[in-house]
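Here we start with a single chain on its own, the form predicted on its own, put down as structure tokens.
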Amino acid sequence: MVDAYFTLRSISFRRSKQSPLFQGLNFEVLPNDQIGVIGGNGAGKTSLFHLMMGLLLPQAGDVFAFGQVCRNEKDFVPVRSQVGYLFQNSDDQLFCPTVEEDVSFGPLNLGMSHKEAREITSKTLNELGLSGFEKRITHHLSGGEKKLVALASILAMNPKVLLLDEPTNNLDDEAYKRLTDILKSLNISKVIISHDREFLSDLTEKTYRLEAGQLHLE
């Protein structure tokens, strides 16, 4: 039996006095899974990722990550080094002055030397067609370039799973195709939130609709 990367079991969650966002939600991510998630605004798609990453904690149910139950911040710390979470807005993810500093931040946090971090940064940027971007000022980049740099910053940590939140938002046609081609080439488990059904059809093998606090296989 293959061990799941993530298992969410009977998850219930609500924000303060609002009606429940999730009620008994179950979800599983296995090695090599390519999963799409769709749903209306406010359905809880981003909150699902936040629960998987420990940025939110459920009121009931269990989050298992890489075989371990995770119930508090300490439990989730090792999980985050194995999961690449691409934010919906790249400006929320990129906070260093230069591209090189942004991409090397993760490897340095994992305990790599500065030399090792520079090498993995250069290699990752080259693989994404961003060779020579090391000294570029991050906030001067185009929207598509920022998205690719944000992707490089998580791939540099060699994650086992990618969680991608609306990765094609506000991309022009060229950046859209480039990002699609790169994601297709990555032999890694992916969960992709997107309103773009054509994109999900191209990148994923199964799609869930998040509706009324439950995930339904389409």
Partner chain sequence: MSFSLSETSFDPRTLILLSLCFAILVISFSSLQFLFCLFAFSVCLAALFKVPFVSTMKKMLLIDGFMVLALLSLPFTFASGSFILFLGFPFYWDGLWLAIAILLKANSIFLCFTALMGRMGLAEFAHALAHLNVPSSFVQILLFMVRYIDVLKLELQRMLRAMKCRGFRYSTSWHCWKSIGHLIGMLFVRSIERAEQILIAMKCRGFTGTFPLLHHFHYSMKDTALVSTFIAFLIVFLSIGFLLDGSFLKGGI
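Everything quoted here is computed from the prediction, not taken from an experiment. Positions refer to the first chain, counted from 1.
The same protein has a further form, the form predicted together with the partner chain, not shown here; the description that follows concerns it.
Indicate whether the partner chain has at least one heavy atom within 4.5 Å of a heavy atom of L94 in the predicted complex. Looking in the predicted complex, residue contacts with the partner chain include L94, since a heavy atom lies within 4.5 Å.
How about F133 - does it come within 4.5 Å of the partner chain in the predicted complex, if we only consider non-hydrogen atoms? No, F133 is distant from the partner.
Mark I120 yes when one of its heavy atoms lies within 4.5 Å of a heavy atom of the partner chain in the predicted complex, and no otherwise. Close contact is absent here: in the predicted complex, I120 is far from the partner chain, nothing within 4.5 Å, heavy atoms only.
Going by a heavy atom distance of 4.5 Å, is I154 a contact of the partner chain in the predicted complex? So I154 counts as contacting the partner chain.
So which stretch, 29 to 37, 61 to 69, 185 to 193, 46 to 54, is the one near the partner chain in the predicted complex (non-hydrogen atoms, 4.5 Å)? Stretch with heavy atoms near the partner: 46 to 54.
Candidate spot E145, L179 and T207, all three in 4.5 Å heavy atom range of the partner chain in the predicted complex? No.
For a quick check, can you give me the residues of 55 to 87 that have a heavy atom within 4.5 Å of the partner chain in the predicted complex? Those in contact are L55, E73, V77, R80, V83, Y85, F87.
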